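Take a look at this one chain, the form predicted alone, written out in structure tokens.
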Amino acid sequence: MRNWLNKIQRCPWCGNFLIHLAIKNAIKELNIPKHKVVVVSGIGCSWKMSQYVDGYGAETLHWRSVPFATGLKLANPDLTVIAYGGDGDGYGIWLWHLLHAARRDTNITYIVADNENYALTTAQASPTTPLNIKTKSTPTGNTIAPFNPIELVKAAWCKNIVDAVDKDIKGLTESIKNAIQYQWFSHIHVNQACPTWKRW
């Protein structure tokens, strides 16, 4: 656990700032002591979130936030465990971690910031990039239909799913609070702004 937080390393106006604020608000409003909170992140624009929330944090191996968070919760059920990632991480490279976590129904909260591109690596198409959008990896337009994250997680029998927007701080805070208080697996899909790369 840290008593200091690293300098914020995000692009100006990134939606991660707002999601960060909502996470901090939820923890504060629920009066959860910082030694009872663990934020686990993977790789991508979201990877620093575990450093910015005052409590325990873990930056895991490439795209391993969900299994790591699951292990933490099983090892210490008294912890409030929040896993955090992006759409490339959660809905692409390691999608099955999300689906199996939903099936297992372990009491963790998994938040995915969906900016519809691999922003850290300068805007390749992700599993949620809309059709016909031009990105670095689809210069003539994306020809692959995007996943619907909500329907994917429903198919894995997740019972607590929220579709949120980063700009709705009050609603997002309440969603995170409800997810933390829910005694099983929760998934929060956040439609996230990416002013540097998402221009559609």
Ligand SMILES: Cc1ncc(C[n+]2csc(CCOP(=O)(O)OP(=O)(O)O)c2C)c(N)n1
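These numbers come from a predicted model, not from an experiment. Each residue number is its position in the shown sequence, starting from 1.
One more form of this protein should be noted, the form predicted in complex with this ligand, which is absent from this view; the next part is about it.
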{"item": "Residue 120 within 4.5 Å of this ligand in the predicted bound form, heavy atoms", "value": "yes"}
{"item": "Distance check, residue 62 to this ligand in the predicted bound form, heavy atom within 4.5 Å", "value": "yes"}
{"item": "This ligand contact in the predicted bound form: residue 101, any heavy atom under 4.5 Å", "value": "no"}
{"item": "Residue 53: touches this ligand in the predicted bound form, heavy atom cutoff 4.5 angstroms", "value": "no"}
{"item": "Per-stretch contact check against this ligand in the predicted bound form, the hit in 45 to 53, 22 to 30, 149 to 157, 169 to 177 (non-hydrogen atom, 4.5 angstroms)", "value": "45 to 53"}
{"item": "Partner contacts in the predicted bound form for 75 to 93 (non-hydrogen atom within 4.5 angstroms of this ligand)", "value": "86, 87, 88, 89, 93"}
